[in-house]
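Shown next as structure tokens: one chain only, the form predicted alone.
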Amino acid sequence: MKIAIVGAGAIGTFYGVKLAQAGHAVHFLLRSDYEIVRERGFEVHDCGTLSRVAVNAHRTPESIGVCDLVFIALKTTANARYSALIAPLVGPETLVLTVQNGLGNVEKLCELFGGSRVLGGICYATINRTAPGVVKTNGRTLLWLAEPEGGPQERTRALAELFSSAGLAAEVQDSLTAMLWKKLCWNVPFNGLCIAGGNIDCAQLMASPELVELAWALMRELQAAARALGVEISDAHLQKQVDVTVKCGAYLPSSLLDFRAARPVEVESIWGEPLRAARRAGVSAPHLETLYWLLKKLCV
């Protein structure tokens, strides 16, 4: 397949490199890393194994052209550029997959390109971009895929097989809404509290009983909001988010890295949109409201 990676940060780079190593024609749309990647390729540290991979690097989507699959891993702060970045890559048979954080991304893409072309995905992974053209991962990755509306289709299963055949675990989910709210149960408390809790890593967060209690309060509010929207999130899923975070050690979440680098943080998609959805559903979420307010004050 001819595949475009739009948003070659940690997730986009890692997934794109693995697809390229599996034999697909992968093209990376790059900005700041373009010169380094064109000259040296990507450097990927995968659980201690180092790979240096030469790739197709591009400055513009026009130089890539129409693709079979567009894999969007942009920060949601760049969503205003969807049309300019993605339209040149989309033809009659193109699939557009977004693995971006938070809520609202699939809907915007469907408005631009139609639901028949768009799928939603989320990644569970501990991957960081540590330098231009360099990414590191410390554990297993998992990709969930779902249709914008309705249950899985043949294309959903085919896309899952595409990633699985490249060594990237992928599972088809029955509900996009359920999938997104389940991921928020990690992103909202742990991404947010690493920033608002004092610019700290996950190990420091989990060492604070007060912050862990606050993380649980946030997850409970998300659980209640999801239930009001017809999505049941089990207590076991909430506990799993805590257990996974303990195992992460001193991991630096992506929002914290953006905060430390004075880059825009995805405040609206990760915290603002869930809060607004909770309000529309008639669910009180005071802890989420406070965290959202703090992050708006703290972040670019």
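Since the model is a prediction, treat every value here as computed from it, not as a measurement. Residues carry their position along the shown sequence, with the first being 1.
Beyond what is shown, the protein has a form predicted together with a further copy of the same chain; the following relates to that form.
_Counting any heavy atom within 4.5 Å as contact, can you tell me which stretch out of 155-163, 192-200, 109-117, 226-234 lines a further copy of the same chain in the model of the complex?_
Among the candidates, contact is made by 192-200.
*Please check if Thr130 has a heavy atom lying within 4.5 Å of any heavy atom of a further copy of the same chain in the model of the complex.*
Answer no; every heavy atom of Thr130 is more than 4.5 Å from a further copy of the same chain in the model of the complex.
_Any non-hydrogen atom of Ser83 within 4.5 angstroms of a further copy of the same chain in the model of the complex_ = Although a further copy of the same chain is absent here, Ser83 would stay clear of it in the model of the complex, with no heavy atoms inside 4.5 Å.
*Using a 4.5 Å heavy atom cut-off, state whether His287 contacts a further copy of the same chain in the model of the complex.*
His287: yes, in contact with a further copy of the same chain in the model of the complex.
*Give a yes/no on whether Glu213 approaches a further copy of the same chain to within 4.5 Å in the model of the complex, heavy atoms considered.*
Heavy-atom contact with a further copy of the same chain at 4.5 Å: present for Glu213.
_Using a 4.5 Å heavy atom cut-off, which residue among Asn138, Ser175, Ser208, Thr94 comes into contact with a further copy of the same chain in the model of the complex?_
Selected residue: Ser208.
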